[in-house]
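Heads up, the chain below is alone and in the form predicted on its own; it's given as C-alpha cells.
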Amino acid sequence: MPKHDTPLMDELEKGPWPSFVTDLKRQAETKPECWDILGQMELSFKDRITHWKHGGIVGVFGYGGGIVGRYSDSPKQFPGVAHFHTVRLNQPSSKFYSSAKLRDICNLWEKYGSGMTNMHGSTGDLVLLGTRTENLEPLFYDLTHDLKQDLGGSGSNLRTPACCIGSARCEWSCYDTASICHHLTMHYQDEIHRPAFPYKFKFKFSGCPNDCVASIARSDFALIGTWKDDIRIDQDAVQGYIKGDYKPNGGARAKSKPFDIDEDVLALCPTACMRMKDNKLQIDNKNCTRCMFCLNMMPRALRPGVIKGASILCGAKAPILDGAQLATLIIPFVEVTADNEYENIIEVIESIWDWWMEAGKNRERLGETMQRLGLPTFLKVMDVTPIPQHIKIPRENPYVFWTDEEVPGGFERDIREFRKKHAQ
C-alpha cells in the first residue's frame, strides 16, 4: 500500500511527548494497512468530520457483543481500512498479566489484525484495533482455545466489569476488589455476551474513596470501599509530620515551605471536622465524608476504620443524551465478603435490572431512567429509606417527598391550619 502525504498528522509528532503517529508509522513497516489509517485520519483532519462509519451488527457466532464494527466510508481510497473492526478482550481483574500472556495476545493480533492495541480502553477492556470480518471467527477460536481468553462486552449488555488494584497492593483498600470483579464476571457471562438491556450497563469496583477507576463518574453500578467506624489516628506519627520527620502525601507533593497541619490539612477538610487540641489531632467522625484527603496527606498517621465494607452508588454516565452525571449514593454501607458469594450485592444488582429493563427506554442509561422517573421512585423500588444525602438542595428543592398516607390527616389540612394560625 502506498504511503500517504500526511502533513497534519506529522504535526502530532512534534513536541516532547511520545506520539501515536510515530507508532503507526513504525507499525506500517510490517502492517501496510496502517498507512491507510494515517491517510484516512489526515482526510478527517482536513474535512473536520470522521470518515469511519459504524459497522452495524458484526461479531462471532453465539455472541452479541465483544466486536465493535468499523468500516471506512472511503474504501477505494483507503482499501487497507475498508474493514477495521475493534475486538475487546475481557481483562483480568486489576489488570494482572504475565509477560508471556501479553506476548501471546500480541502475536495473535499480528496474525489476524493490524497489530495495534489499546491498553486499556475507557471501558476497561484490552482493545485490539483493526481487523477484517473474515478474520473474526479464526481469531476467536485461537483466542478462546489456545489463550483461554474471552471477549469483553459491547452493545446493550453488561460491559466488562473493571476494578482497581485493591487489596492486592493497595494499603487503602477496604474490600477485595479483584475477588468480586472476577466472581461477577464469571456469574454474569450471559449478560456480558448477549445484549438484552435497554442500553449499556457498567460495574466498577473501587477499594476506597480515592476511586482509582473513577467508578463514581463512569459506572451505572459503583461499589466504593468505605468504613463504618472512626478513622484510626497515630498521634506520634501526627507529630512526626508536624516536626518534618515525614513528608506529606508520601513525598509525592513537593512544597517550598515546611508542612503546616493547619494550612495543609485542617483548613482543607471539606466539612471542617478536624482540629488540634492539646497538641493532639481530633476528628469528628460523624461529620467526616471519607474524602480521603487527610489520609492521603498523612498516610503514616491516619488509617481507615476496622469495620470495612462499601457504598453502593448508581447512575453515572458520560454525556450522551442528557449530559454527564455522577453516581447517586443509594446504600451507604454494605458488607463485601466472599463468604456468601456476594449474594447481598447480587440481590441489589438484580433488583436494579428488574426495574430498569421494565422502565428504561431504548438507549437510556440507568442514570437517565432514574432522572426521568425521579429518585423517589428508584428508592422505593430498591426498598431504601431516604436519608439526608438523597436531598439535592435541602429546604429549597428536595426530591424526596412524603405521600398523604405517610402523614396523618394529609398535607392539605396541615397547610390550612398553619395558614390560619399565622393569619391571626
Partner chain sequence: MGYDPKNPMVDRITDIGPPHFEQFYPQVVKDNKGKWLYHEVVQAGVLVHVSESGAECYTVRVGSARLISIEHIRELCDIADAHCDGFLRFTTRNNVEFMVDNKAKVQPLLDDLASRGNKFPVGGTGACISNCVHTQGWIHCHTPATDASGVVKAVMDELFDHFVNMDLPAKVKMALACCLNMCGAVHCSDIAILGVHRKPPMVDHDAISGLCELPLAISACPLGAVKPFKATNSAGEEVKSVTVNAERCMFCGNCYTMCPAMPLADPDGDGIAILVGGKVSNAKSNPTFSKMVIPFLPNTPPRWPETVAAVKNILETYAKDANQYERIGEWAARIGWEMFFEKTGIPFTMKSIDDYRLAYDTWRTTTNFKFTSHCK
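Residue numbers count along the first chain shown, from 1. All figures in this text were calculated on a predicted structure; none of them were measured in a lab. In this text, rigid core is short for the largest set of C-alphas that superpose within 1.5 Å between two forms.
Missing here is the form predicted together with its partner chain; even so, the following discussion is about that form.
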request  = Could you work out which of 239, 337, 77, 249 is the residue within 4.5 angstroms of its partner chain in the predicted complex, going by heavy atoms?
outcome  = 249
key: Of 382, 60, 375, 391, the one that lies within 4.5 Å of its partner chain in the predicted complex (heavy atoms)   = 60
task = Answer with yes or no whether residue 326 is in contact with its partner chain in the predicted complex, where contact means some heavy atom within 4.5 Å.
result = yes
query = Do residue 49 and its partner chain share at least one heavy atom pair within 4.5 Å in the predicted complex?
reply = yes
message = When the contact criterion is heavy atoms within 4.5 Å, does residue 178 count as touching its partner chain in the predicted complex?
response = yes
query = Is there a heavy atom of residue 103 lying 4.5 Å or less from a heavy atom of its partner chain in the predicted complex?
reply = yes
key: Contacts with its partner chain in the predicted complex - residues in 158 to 185 whose heavy atoms fall within 4.5 Å   = 165, 167, 168, 169, 170, 171, 172, 176, 178, 179, 182, 185
query = After the core is overlaid between this form and the one not shown, has the C-alpha of residue 371 moved by 2 angstroms or more?
reply = no
key: Core-aligned C-alpha movement of residue 356 between this form and the one not shown reaching 2 Å   = no
query = Superposing on the rigid core, does the Cα of residue 163 end up 2 Å or more away between this form and the one not shown?
reply = no
